[in-house]
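Take a look at the structure tokens below, where one protein chain is shown in two forms, each on its own, as structure 1 and structure 2.
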Structure 1
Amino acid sequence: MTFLSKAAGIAAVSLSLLGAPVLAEGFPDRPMEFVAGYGPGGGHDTMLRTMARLMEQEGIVDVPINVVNKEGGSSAVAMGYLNARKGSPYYLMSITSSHIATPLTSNIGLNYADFTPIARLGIDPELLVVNTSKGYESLEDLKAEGRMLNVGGTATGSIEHIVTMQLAEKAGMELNFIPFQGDGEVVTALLSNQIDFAITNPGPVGDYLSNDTFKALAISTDERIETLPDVPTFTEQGVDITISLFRGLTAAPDITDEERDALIDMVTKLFATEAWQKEYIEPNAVVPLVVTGQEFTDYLANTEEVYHETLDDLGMLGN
């Protein structure tokens, strides 16, 4: 370490005592690490790599950012990794519903509240999608079938499963949920009419909706979304379902409020750039509903409540 950088370091420390805005300017002063709980090429990995690239490109940070993959245990391994970095603000981990579900289904001794939630960058709404060849036009048409319908989605206990259970209960339908491995298998099953409808995110079915192979009959957001203006919400059709997959970021436990605010500031700057909209939000069909800090923590608490209830009904809670 040269004398100059040492001096700069001391200066940064003394300045940081003056308050958050100053810290935000001096932070980060050493390389940062973005932690993906899943392997290279997956949703978490590509999101963090795009973030890292754009943050450097847009001049939001001027230190190198490394993306590391701590895969395993449905994000449990990454949670353990981040938990071991208590008090260090140089780590950001991407989180999604598994951050809530894994601690509930298995006994890993950590949950969302142990970490420092930073921001939700958006949500992946759930769509109810049918094959156009069946001629269903609305939720009512499905109800009118009057038989047990086969519903495709990913994994038991997933958000698709929760939507299906809520739909059965609130719309009084008889539904038979079939868990598939991954969106690809769900799409195939719907293409060949092996299932009556699918609950899925917009991403995997986007093209099929635009070429009229599939039709979306309902969406799980509070209001209709810009990219799919013709798809009515569940609520509009008298069924109160508003639950979506979230994508967010969390930091290590026990960092100071100033450090947390600096991280929030950093990611909000990124989310406001055009490049982020163009290179992440649009191609991944994410609805950019950003919430940060305490508001995000509250959102996570609500989400956990819904999961707890459903997983309890399914007998899937860990001890």
Structure 2
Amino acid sequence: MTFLSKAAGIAAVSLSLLGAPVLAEGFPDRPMEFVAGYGPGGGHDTMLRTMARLMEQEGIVDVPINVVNKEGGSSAVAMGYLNARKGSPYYLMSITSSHIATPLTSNIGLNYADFTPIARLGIDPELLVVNTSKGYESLEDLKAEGRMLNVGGTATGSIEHIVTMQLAEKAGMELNFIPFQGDGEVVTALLSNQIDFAITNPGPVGDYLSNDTFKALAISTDERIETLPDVPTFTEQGVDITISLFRGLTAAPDITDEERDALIDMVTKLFATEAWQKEYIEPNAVVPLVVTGQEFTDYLANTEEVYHETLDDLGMLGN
């Protein structure tokens, strides 16, 4: 049994414990909107477009779903956009670490608790990825450069930024983190060698790893994963970094409990399909650990505590 199939089994158990609330009668009865806080081609965009296509394909909804990109401010623009749709269950926004980190590092007047958490679909490990044209074969090769290295990632205060700062501290490296608006921009920068390496999740770089354009030198999981068996962990290389990105969904503020339950039912039905596993989970090396509703709310609260402590240590908390 593979790493992902084991994780999928855990997800299936989680789903079986959720119960299956009946969709609110007549909902959805008009087009829905899925909101990505980053640009086209990145992890948020890819996830939502796959969700929209499969929900229609699998007959989970029979209304159109429009995916919109509201990039800017490390998801702050998207949070403001969703907040302006208070009371409407017809909007879902993809969320990752920036949903926690951005409010902590910037005074945007919103945080995760202002919205309606729907579901965490899984976690993504973080990879250290280089352009193979540079000839780097290991983390030690990067350390041997003996100069400041430019590192690409999404957003100041993001999980990529946190991993970069931990790497600088724990490996004794001089690193300059360069924030981009989305995964697509990070990939472009690495392709053109504008940066020395990127910290990213597997999704945006999977094709480039497969065709040997990029090479992953380290992964942030406790152990190697079967989908990337040749990638050593940071820990194997003497650097204690084990932190992963969560992927989830949140809805607008002030929707009813019945509307929240209908949205939970909608997405958990999708997560249980074989198509979702084959077309999103496996290609993107996502570990499918599903939690919903109050359990997801509690997870976000605990995650905020961890991020608050880490960002405080880095001197990155906003005023």
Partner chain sequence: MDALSNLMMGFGDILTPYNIAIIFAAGLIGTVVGALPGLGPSAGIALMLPLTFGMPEASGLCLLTGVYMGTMYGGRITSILINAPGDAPAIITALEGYPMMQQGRGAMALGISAFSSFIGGLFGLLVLIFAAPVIASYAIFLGPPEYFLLMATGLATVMLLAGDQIAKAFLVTCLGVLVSTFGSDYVSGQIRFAFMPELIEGIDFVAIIIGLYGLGEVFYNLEKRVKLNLGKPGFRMKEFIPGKAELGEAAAPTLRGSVLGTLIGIVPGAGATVATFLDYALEKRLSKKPETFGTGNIAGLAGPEATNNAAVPGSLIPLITLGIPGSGGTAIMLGALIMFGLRPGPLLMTTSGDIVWAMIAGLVLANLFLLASNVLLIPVFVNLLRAVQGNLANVVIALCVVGAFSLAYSPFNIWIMLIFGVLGYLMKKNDYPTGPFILAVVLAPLAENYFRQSIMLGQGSAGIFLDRPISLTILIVMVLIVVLSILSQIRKKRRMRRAAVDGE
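Owing to the predicted nature of the structure, the values given are computational and were not obtained by experimental measurement. Residue numbering: structure 1 sequence, from 1. Rigid core here is just the name for the largest C-alpha set that superposes within 1.5 Å across the two forms.
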- Quick one: identify the form predicted alone, either 1 or 2. 2
- Query: Rigid core fitted, is the C-alpha displacement of residue 114 between structure 1 and structure 2 2 Å or more?
  - Reply: no
- Exceeds or equals 2 Å, Cα of residue 182 between structure 1 and structure 2, core fit: yes
- Query: How much does the smaller rigid part turn between structure 1 and structure 2, counted in whole degrees?
  - Reply: 37
- Item | Distance the CA of residue 148 travels between structure 1 and structure 2 [rigid core superposed, Å] | 15.4
- Item | Core-aligned Cα shift of residue 244 between structure 1 and structure 2, given in Å | 2.5
